[in-house]
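One chain follows as structure tokens, the form predicted alone.
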């Protein structure tokens, strides 16, 4: 992905070189040298863990703002249902949607119904599918990128289905264009995102030429204006028009699986844990499962790095909403089945493998570098201290053979060599 957009950047003037980001990155994409962090773009999967980890706010998400969307004649906010978990329990989704129109959007639309609809479509797909199991949820862009990069043999087990945010954006944009008499391109649908990975999914939607979404704003950036707007209205107002359906559960870990008819599911949160499970799948394990729900964030989207509330509270709030409003279906199941048969939810083609780059495009040179890496690793202490500015001794050895670091950058090795030299001189 080095030639594509990434959703985070390092603001060098804020960086203090504390290495929290380096330790947090699950793909070893960060280096800290000369007191500043840098991101190896060809290893970054936009999970946003570095944004969460940095104590100085030096790593910033590249989200949009209201001024970016002034070009549209009509703007629609499409919030992740994770937004509903960011406020006190008595503040209901309907009040939050109304508050979004108070802070500058012409309209705000719920997409929980799309999660429920996609769940029905997944049920239909599982009933027809006859390939290797388990099938893997494709709705977390960071997980999709992890599969493409580290587990390319599993890309065909990613369900070829569009995400709820894309399904909802398509429907609301086409419907609103017909209602207000505007061209589709004059209507901006803006996703309110809990994580940076969704920003890349908007700019580079998987297996599609373009997204129906026109940009994304971080939930954290819109939170304070929403609080102010919510203070001016009753949180319980219009309860009869509240958001409903099982799709409300999608932002929490296990929420997708809970909407499915099959019980042969597993929900996993956090990229390191996801990677461990995918290793098992790659090794032929877990084939008794039908559906593997994977999230880059430990508690699901409600714990995304661009949210503000404690993730456990947010999860509790969303589960409360599911208990209160989730039992009544939001869409007719038979209609959704008909749409599924018409290909309404399907994505064309396949997810392409996109492995991390090799040591060298030239095979003989790559073999030479691999041999040199092995020699360097044997000389290194193997304690993964990070003092060299790389997260592990293995990644440091790769940096050395790639010219990104010098062997002398290993403080432990340099100190040991100095000690031996002094001992030799004294002898």
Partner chain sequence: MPGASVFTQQFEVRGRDFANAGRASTAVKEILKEIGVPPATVRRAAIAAYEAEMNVVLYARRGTLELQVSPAEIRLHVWDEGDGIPDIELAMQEGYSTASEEIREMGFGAGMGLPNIRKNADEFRIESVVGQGTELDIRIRL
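For clarity, every value in this text was computed on a predicted model and none was experimentally measured. Numbering follows the first chain given and starts at 1.
A second form of this protein, the form predicted together with the partner chain, is not displayed here; the remarks below concern that form.
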item: Contact label in the predicted bound form: residue 331 to the partner chain, heavy atom within 4.5 Å; value: no
item: Residue 283: touches the partner chain in the predicted bound form, heavy atom cutoff 4.5 angstroms; value: yes
item: Contact test in the predicted bound form: residue 364 vs the partner chain, heavy atoms, 4.5 Å; value: yes
item: The partner chain contact at residue 56 in the predicted bound form, heavy atom, 4.5 Å; value: no
item: The partner chain: the contacting residue among 124, 279, 186, 233 in the predicted bound form [heavy atom, 4.5 Å]; value: 279
item: Answer option from 97, 154, 322, 257, heavy atom within 4.5 Å of the partner chain in the predicted bound form; value: 154
item: Site test, 360, 368 and 371 vs the partner chain in the predicted bound form, non-hydrogen atom cutoff 4.5 Å; value: yes
item: Contact segment among 159 to 167, 283 to 291, 110 to 118, 78 to 86, judged by heavy atoms lying within 4.5 Å of the partner chain in the predicted bound form; value: 283 to 291
